[in-house]
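Before any questions on how it binds or moves, here is one chain, the form predicted on its own, in structure tokens.
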């Protein structure tokens, strides 16, 4: 693959922090990966998996302790400003000014990014149309719903046209309709602008939209590949367990998660519990774990 086809190249990357007890731990633990240009790529994992730390290093906001990190062909450690000039980054808590209106927030971020006046009208119009917020330009940001705030945050992030867009869990805390709208916007950006997008998420249904998935756990990459390839690796390992009247879904989920030698993960869904067993967990061990439930 030629250099222009690669958006991010990482080799042996490590980032270490001190835990509350003073002991060091690796938030990113010797990872290597390559992200292709012009695609939607997902970093998937639970809280504490290292997704935000990696995003912040890619954005030039944190300095790696070891390894190499190149974004858009630029060594981020050596020249973070050049990377920041070409990317847009939306963190989990985007810094909207709640006492400013929607339009005033757009103007402020355009000023911060040095967007020329002659470019703003077209760019603002496009972002407001995509987010369906043209009717609300005079509304203070503080009076928007959670989903609308996220859409405004995305619009502010895109007041300029970047070469790479980094989105750190953009759909956390928003309602299902707004979550769907956010993904429509992302899909449209990729289709219309050939934009490279990297999104972090804890939701596998969101990751399924992506061309490439990297699954993180405790700072390491557990698996990577396109959705179909990862799905094949889990064939025969996925189950649905019915919760019983005296054992609600949350209780059943806790019981399954408390058996990490047999269960990889368990998630309540629609009153049932969807879970994945470990390959080495045979049917007898699974039946013993679920002896008082129906699978």
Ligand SMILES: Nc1ncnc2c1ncn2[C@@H]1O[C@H](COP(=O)(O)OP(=O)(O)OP(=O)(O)O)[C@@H](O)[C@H]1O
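Positions refer to the first chain, counted from 1. None of the values given here were measured: they were computed from a predicted structure.
The following text describes the form predicted together with this ligand, which does not appear among the structures shown.
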Within a 4.5 Å heavy atom cut-off, is residue 40 in contact with this ligand in the predicted bound form? no
Contact between residue 169 and this ligand in the predicted bound form at 4.5 Å, heavy atoms? yes
Residue-level contact is defined here as any heavy atom of the residue lying within 4.5 Å of this ligand in the predicted bound form; does residue 48 satisfy this criterion? yes
In the predicted bound form, is there a heavy atom of this ligand that lies within 4.5 Å of any heavy atom of residue 52, even though the partner is absent here? yes
So which of 145, 92, 188, 194 gets a non-hydrogen atom within 4.5 Å of this ligand in the predicted bound form? 92
Between the options 27, 35, 266, 69, which residue brings a heavy atom to within 4.5 Å of this ligand in the predicted bound form? 27
